[in-house]
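Take a look at this single chain in structure tokens; it is the form predicted on its own.
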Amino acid sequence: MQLGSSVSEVHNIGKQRLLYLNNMGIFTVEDLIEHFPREYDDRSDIKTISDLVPNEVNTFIGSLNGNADTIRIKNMVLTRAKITDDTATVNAVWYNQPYLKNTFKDGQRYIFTGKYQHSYGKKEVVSPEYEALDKGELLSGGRIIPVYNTTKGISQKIFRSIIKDTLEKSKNQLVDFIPKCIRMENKLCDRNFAVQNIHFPEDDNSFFTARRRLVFEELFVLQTALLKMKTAVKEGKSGIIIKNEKAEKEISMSIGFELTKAQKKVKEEIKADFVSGKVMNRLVQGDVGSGKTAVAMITSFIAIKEGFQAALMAPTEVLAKQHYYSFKDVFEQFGVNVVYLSGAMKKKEKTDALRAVEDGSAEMVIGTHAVIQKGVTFKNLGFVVTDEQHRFGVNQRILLSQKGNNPHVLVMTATPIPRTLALILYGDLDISIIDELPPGRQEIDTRAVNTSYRPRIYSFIKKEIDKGRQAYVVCPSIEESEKRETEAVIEYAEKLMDYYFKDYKVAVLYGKMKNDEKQSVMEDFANGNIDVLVSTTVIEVGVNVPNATIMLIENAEMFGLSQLHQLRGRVGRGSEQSYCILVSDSKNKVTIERMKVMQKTRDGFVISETDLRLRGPGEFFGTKQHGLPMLKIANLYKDIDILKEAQTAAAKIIEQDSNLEQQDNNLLNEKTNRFFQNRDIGI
């Protein structure tokens, strides 16, 4: 059986099972044997029937005492069998599997695994997995058992047997694409041994050896592919030279504050890219309120004064508009024309904006993803900024950069990610970090309380409003639907208006509102015309209202730490003491730990590390949000040491052979070329 053969050639796979497997993304023999277990079940501790532990899953060996029988109870069929060994007898029960009656044979010995319980005075094992002892090597009992992500219609037992049969018939065909020097240096086992032992480990040591090899392999290929892409971008294009010290001095004097050391460092890194002769592809990672926008403003101004157009793309209308007004206030002092562009604009406004972009009179263009649409033509685009990068996929960023002739690219994110992991997410970019906040920012007083505190919270909010301050209330829905979330926000706001804040101005903001309505509410809030803004997480990104001093987050357990941190960053932007109040009745240990972390630290990188540990990589990154490739076996938190080893090895290979053209790297080159096919990676 060849690795490239259709999985339909595998024994025991008919049309229906083939459909199930295809729906799981398994089409070839290689796909099947590289569908690794998600976890393992230790069934090596075999008990006698007399030693079965109640209310626990037990593994035991016994013989059928008589034939199995079936009885019908209402709409259910029960199959029952008496199992005996030298110590005792126990009943086994299966629901709605009448065919089992003819499967078991009187006197035949089987190994069973199932939950043993006392039910209505009866001692029985419920729906145990079973395997005949005369069928050769055991797959479902008496050993460490692999557990797979499968689909309805293919049981774990069936899937294990399919995997076992396939491994036996496709032995030793896997080719090792990791160069020999890397394998030896990192003490990696043979690939065929690794795949065999990740499914059915011979012993503990074989399992750990196999897993380390496969985790390293996966992360090594990903990192090598990203570094290869990064090198190709740098080597393949000549960058625009942008150098204008006079412009930098002009703009720096006008922004109204001194840059922090971290901001200055990042600004100098961008300026060095501007004069390097290579195209800049740089990520600026900075915590909420760290001043990324100021750096983007200064560097955009330098590019414009050198004769180029600059563009900034933001993920939401609210954030894009905010950037537009901020840039306009500063740039117009110098006669720089700032133009706004979004899909929600009226036809004439949009036509005028597009004309200005095309003839070059629009020197700074700010907007939503509308700036990358067809029909948007720049005259001389030299500098591209993407804000909140994690909201865009790589294709959107590339589309924007293609609007110019190899413009420099700066991407910004306020989602702090540990640097080692940022190399995975943003592997084709150079990474800069703004790791300090501007002076004068007060620590946000964060409290976690339960719902019994609501009357006191509302009283406190009133006192703050009476001092001239404003408050956010974030009200997520318990339900998953956006419709329900909208209803929950409106209901909550009406409750506040009717019972607690009758004499105050309360408004609502949610995703389904029309863009001009959202903009109007945000402008009213920013101008101080609204006291309490009840909102969904639409205010998570980029809203800047220095007068807002309270962030009340209901059902705080529903958010990850990084999102809570983002929301908290909407307050504390002025000179007054600000507060974040997290409300939750959850007794869940993880929730309690998360609330403690929020109260202890404001460091986004510490928070992101904790979020990653508590929620795991899948939820933390959210593949839809970040576009991170789905990893088959590696865990980006638990396998951090292997990740570092793989990154070192990848960097070494690319340094020696940037395009993987040497003979020893041919197979690795093929693997990396295939890696990003049909993926929109969010980097």
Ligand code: ADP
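In this text, residue numbers run from 1 along the sequence as written. As the structure is a computational prediction, the values presented were derived from the model and not from experiment.
What comes next is about the form predicted in complex with the named molecule, which is not displayed.
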query	finding
Heavy atom within 4.5 Å of the named molecule in the predicted bound form - residue from 203, 258, 443, 503	258
Sole residue of 595, 288, 550, 145 within 4.5 Å of the named molecule in the predicted bound form, by heavy atom	288
Options 156-164, 291-299, 347-355, 373-381; stretch whose heavy atom lies within 4.5 Å of the named molecule in the predicted bound form	291-299
Site check 37, 196 and 632: each within 4.5 Å of the named molecule in the predicted bound form by heavy atom	no
Heavy atom of residue 432 within 4.5 Å of the named molecule in the predicted bound form	no
4.5 Å heavy atom contact, residue 438 and the named molecule in the predicted bound form	yes
In the predicted bound form, residue 544 touching the named molecule (heavy atom, 4.5 Å)	yes
Residue 263: touches the named molecule in the predicted bound form, heavy atom cutoff 4.5 angstroms	yes
